[in-house]
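Just one chain is shown here, as structure tokens, and it is the form predicted on its own.
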Amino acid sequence: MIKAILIFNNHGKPRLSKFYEHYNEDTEQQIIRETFHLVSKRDENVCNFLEGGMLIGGSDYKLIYRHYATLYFVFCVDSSESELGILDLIQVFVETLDKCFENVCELDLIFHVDKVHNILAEMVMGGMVLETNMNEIITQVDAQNKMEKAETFIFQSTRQDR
């Protein structure tokens, strides 16, 4: 099961954090800092799997990450998850973001956080992987965007009629 999904930049600033277990806010911030320190100090040419930090569960959990340009994508998982499967999920997530935002960058994650969370919700819910097919994910996100535009149009039309 996936315990947490974290995205942070090269300076440790969180750009997305999704926890599938309840922690208080201070603990979540400590987990983010600890995870950043564990992942950022590793060389680029080493394995992308490591034991979780003490706050996230220690050796019972694994941190699986990828570093793209200025962003770290980190999934904290338990022993039931496949490391290679999670690396593939990270790749699908990044490629989906890339298609939705046309060359995704850190600013897209900052200014479109709701859309990023919607994409993530199409892929993972409650710590369980739902969908790994990028085309299916994009189809669902596009359908959601069309519904939002239709709602906005209806809302604006009713305001103008008053």
Partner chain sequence: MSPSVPLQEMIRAIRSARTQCEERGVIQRECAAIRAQFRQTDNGGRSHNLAKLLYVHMLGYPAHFGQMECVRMIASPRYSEKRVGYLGAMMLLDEKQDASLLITNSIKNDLSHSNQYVQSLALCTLACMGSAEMCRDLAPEIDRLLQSANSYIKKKAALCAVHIVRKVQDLGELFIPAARSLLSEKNHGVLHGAVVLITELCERNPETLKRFRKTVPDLVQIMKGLIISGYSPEHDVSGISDPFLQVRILRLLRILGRNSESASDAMNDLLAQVATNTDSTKTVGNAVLYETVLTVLDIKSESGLRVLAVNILGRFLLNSDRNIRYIAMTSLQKIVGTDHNAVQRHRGTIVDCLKDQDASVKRRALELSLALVSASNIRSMIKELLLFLSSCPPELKAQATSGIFIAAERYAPSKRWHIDTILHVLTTAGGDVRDETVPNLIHLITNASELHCYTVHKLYRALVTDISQQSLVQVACWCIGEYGDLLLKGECQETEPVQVSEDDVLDALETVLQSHMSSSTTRGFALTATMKLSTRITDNVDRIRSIVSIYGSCIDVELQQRAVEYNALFKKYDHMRAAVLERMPLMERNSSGNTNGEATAETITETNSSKVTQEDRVPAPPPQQQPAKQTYDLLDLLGGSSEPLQQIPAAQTLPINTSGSAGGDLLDLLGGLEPSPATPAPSVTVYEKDGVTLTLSCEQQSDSSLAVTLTATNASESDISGFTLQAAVPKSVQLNMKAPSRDSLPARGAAQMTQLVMLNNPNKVNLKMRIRISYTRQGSAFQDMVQVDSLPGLS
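Model, not experiment: these values are computed from the prediction. Numbering follows the first chain given and starts at 1.
The protein also exists as the form predicted in complex with its partner chain; that form is not presented, and the subsequent description refers to it.
Colleague: Would you check whether its partner chain, in the model of the complex, lies within 4.5 angstroms of a non-hydrogen atom from each of 11, 40 and 102?
Modeller: Heavy-atom distance to its partner chain in the model of the complex: none of the three under 4.5 Å.
Colleague: With the partner left out here, check for me: in the model of the complex, does some heavy atom of residue 136 sit within 4.5 Å of its partner chain?
Modeller: Answer yes; at least one heavy atom of residue 136 falls within 4.5 Å of its partner chain in the model of the complex.
Colleague: Under a 4.5 Å heavy atom criterion, is residue 125 part of the interface with its partner chain in the model of the complex?
Modeller: Yes, contact at 4.5 Å.
Colleague: Evaluate residue 132 for contact with its partner chain in the model of the complex, applying a 4.5 angstroms cut-off between non-hydrogen atoms, and reply yes or no.
Modeller: Contact check for residue 132: yes, within 4.5 Å of its partner chain in the model of the complex.
Colleague: Taking heavy atoms only, is residue 51 within 4.5 angstroms of its partner chain in the model of the complex?
Modeller: Contact with its partner chain, yes.
Colleague: Sequence order please: the residues of 64-81 with a heavy atom within 4.5 Å of its partner chain in the model of the complex.
Modeller: Sequence-ordered list: 79, 80, 81.
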